[in-house]
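Presented as structure tokens, the chain that follows is alone, the form predicted on its own.
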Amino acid sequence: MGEAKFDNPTEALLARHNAPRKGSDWAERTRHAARERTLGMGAAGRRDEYWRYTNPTSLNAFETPDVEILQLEEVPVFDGVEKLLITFVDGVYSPELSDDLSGEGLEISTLEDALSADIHWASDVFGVLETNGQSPVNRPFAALNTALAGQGVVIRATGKVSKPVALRYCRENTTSDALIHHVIRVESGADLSILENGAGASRLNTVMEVDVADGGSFHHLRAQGRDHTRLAMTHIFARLGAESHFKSFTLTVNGRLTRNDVVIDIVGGNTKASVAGACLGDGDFLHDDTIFITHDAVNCESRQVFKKVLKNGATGVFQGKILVKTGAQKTDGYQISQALLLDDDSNFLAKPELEIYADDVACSHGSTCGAVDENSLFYLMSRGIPRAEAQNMMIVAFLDEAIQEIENEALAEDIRARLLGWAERHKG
């Protein structure tokens, strides 16, 4: 099939996806508003401040890349964890490969079913947090997702959920182009863990809107698929109430282009938020973490911890901002982004930002990149450890500050083991 022609990239964005199943009046109003936002802001371009380091052309293009499906020999991530499994194949919910959508302290439905209901709690979250996250930075791929996504799950946690909900993304089509939208509400005093893993599609666009009420806790652990030439654009929009807790960690290995946006609004006092990631890239690889955390309440803490290991011309990007609004006194904001460059051809591009309008705060940011420390490497080798193995040990040690943000130690150990496996496969 020849390449379709459009007057501008925004038309291509909107035209390449079929319209979702018609929903209720409130859902259709939300989708219409999102479509208008997409048209109004236009497609992302290199002239946009937060796309200077990442070329969005392949994400905007009408044609979907043909991505070979990777056959893995190792056990899938989170396979040994007791969980409630929800599976998507090429971006479409698969009831045959999923557990029953029910659990103690949980209300779960598909996005299609939730948006078809005349009255549903999701109307207070769906598209609302995404809309709030469009200021002061335009996020057209998120608006596109709200306008056209028909697949996803809607989850409401009403108590302490004993088993995590695992969202597994599988691929069968080498040219799949998927939009997935999840809506999550954690009620006061509830505790919910979400696991995500898999490539999902040749080109994937996801939005997760997370509303955490006062005293709620949300834990998120994601392992992005290893298909080397896949494209991914992900978004998390979170609103955190008083005395709530939010933690998110992402592991990324391979992928030609991955952009992970996280937008957090802290609106209640005495709240803690952590966003972290570990990334390993080899060759034709670009990985972009763009984080925006707004403090709008007193005595709150946020952490951004990102580590990247890059080789053979791979590129890593970090754009992180902490905004402290007037009155958000006693804010504690911590931000660190670091890259380990294993050769002279790889690049790390960082843009850390602090914007503070309160006077009683403790905020810091740091960003560094460098090569493997030869003195440390020599020390390990002098103890009889081969050079390649010593370098792998140093890679995992370098990434460990990000991994320590994972609260579940068993899952953290699994992540460390997988990082060692990647380093072993890519040594030399």
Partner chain sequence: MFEIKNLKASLADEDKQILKGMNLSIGAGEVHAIMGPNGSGKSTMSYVAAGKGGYVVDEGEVLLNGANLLDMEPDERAAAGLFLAFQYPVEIPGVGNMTFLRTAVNAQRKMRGEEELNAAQFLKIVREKAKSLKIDADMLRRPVNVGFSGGEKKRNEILQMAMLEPKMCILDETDSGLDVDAMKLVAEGVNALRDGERSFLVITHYQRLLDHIKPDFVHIMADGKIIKTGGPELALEVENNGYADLLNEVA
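The model shown is predicted, which means the values in this text are computed figures rather than measured ones. Numbering follows the first chain given and starts at 1.
There is another form of this protein, the form predicted together with its partner chain, and it is not shown here; the text below is about that form.
Chemist: Within 4.5 Å of its partner chain in the model of the complex, do we find a heavy atom from each of F348, H365 and C369?
Modeler: No: no residue has a heavy atom within 4.5 Å of the partner.
Chemist: When the contact criterion is heavy atoms within 4.5 Å, does F62 count as touching its partner chain in the model of the complex?
Modeler: Outside the cut-off, so no.
Chemist: When the contact criterion is heavy atoms within 4.5 Å, does N55 count as touching its partner chain in the model of the complex?
Modeler: No, N55 sits far enough from its partner chain in the model of the complex that none of its heavy atoms falls within 4.5 Å.
Chemist: Contact between E389 and its partner chain in the model of the complex at 4.5 Å, heavy atoms?
Modeler: Answer yes; at least one heavy atom of E389 falls within 4.5 Å of its partner chain in the model of the complex.
Chemist: At 4.5 Å between heavy atoms, is R383 in contact with its partner chain in the model of the complex?
Modeler: Looking in the model of the complex, residue contacts with its partner chain include R383, since a heavy atom lies within 4.5 Å.
Chemist: Just one of 391-399, 43-51, 62-70, 24-32 has heavy atoms within 4.5 Å of its partner chain in the model of the complex; which?
Modeler: Selected stretch: 391-399.
Chemist: Within 4.5 Å of its partner chain in the model of the complex, which residues of 347-382 have a heavy atom? Give them in sequence order, or say none.
Modeler: The stretch touches the partner through N375, S376, F378, Y379, L380, M381, S382.
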